[in-house]
Each structure stands twice: as C-alpha cells, then as structure tokens.
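Encoded as structure tokens, the following chain is the form predicted on its own, with no partner shown.
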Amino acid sequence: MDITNQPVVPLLRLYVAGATSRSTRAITTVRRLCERYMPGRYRLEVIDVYQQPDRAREDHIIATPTLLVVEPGPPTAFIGELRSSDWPRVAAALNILTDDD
C-alpha cells in the first residue's frame, strides 16, 4: 500500500540488447511469470539498451538481460536469463506470495 492506502502496482524494467533470441526469451519469460503471479497488476517496461543507452546508464545496467524491480522499493536487479526456479527471489523483491510458497 502507498500513502493513500492504494496498492502499489509493481514496476519492472527489463533491459535487453536488440532483437536477439535471448532478448525474446527474456521478454516472454518475464511476461509469462508476471501474468501467472500478478495478472493485470504490474507495469513492465522493456528497454533496448541499443535504442535507449541513457536509460541503461541511469539504472547502472552492465549486462543484459537484466530485470530491475523498481517498485515496490528498494530497487532490486536480477541479471541474466530468468528461469521459473528464479521466480521466488523475484516474488520476494515484489513482496508477493507465489503458489510455490
């Protein structure tokens, strides 16, 4: 909840490098996991570091793919390809429960 007692809609930024198969897999995986655990209750920004290098510098991104959990804070980064087995760590950063809990 935020100061107005409204639930905080998680904000995630996924940094990818171009339209590679690795980028496509990362986007698909993150969207699938978000829809499984937070259907319709998240904001996902996909940022191509080639198209928006300044955004990557602002968020101190050094590798792709990187998933940055911006809200709820504090910001938490997950570097590399996410697998389903990584989701409990992401869920903990988002303060959500999964059906694996």
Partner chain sequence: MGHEPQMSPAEIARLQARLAELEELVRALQMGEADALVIDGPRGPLIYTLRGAEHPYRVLVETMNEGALTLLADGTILYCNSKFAEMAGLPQDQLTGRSLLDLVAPADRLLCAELLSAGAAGSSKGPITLQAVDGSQRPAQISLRALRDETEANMCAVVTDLSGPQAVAAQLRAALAEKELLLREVHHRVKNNLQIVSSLLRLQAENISDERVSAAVQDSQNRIRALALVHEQLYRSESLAHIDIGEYLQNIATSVWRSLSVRGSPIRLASEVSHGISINIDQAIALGLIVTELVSNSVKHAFPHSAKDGVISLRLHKEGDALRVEVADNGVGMPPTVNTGGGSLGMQLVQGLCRQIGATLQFGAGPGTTVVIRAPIGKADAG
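Residue numbers count along the first chain shown, from 1. Quick caveat: nothing in here was measured; it's all calculated off a predicted structure.
This protein has a second form, the form predicted together with its partner chain, left out of what is shown; the following refers to that one.
Contact with its partner chain in the predicted complex, defined as a heavy atom within 4.5 Å, is made by all three of A17, I62 and G80. The shortest heavy atom separation between R43 and its partner chain in the predicted complex exceeds 4.5 Å. Interface residue remark: V49 is counted as part of the site for its partner chain in the predicted complex, having a heavy atom within 4.5 Å. In the predicted complex, its partner chain sits within 4.5 Å of a heavy atom belonging to R57.
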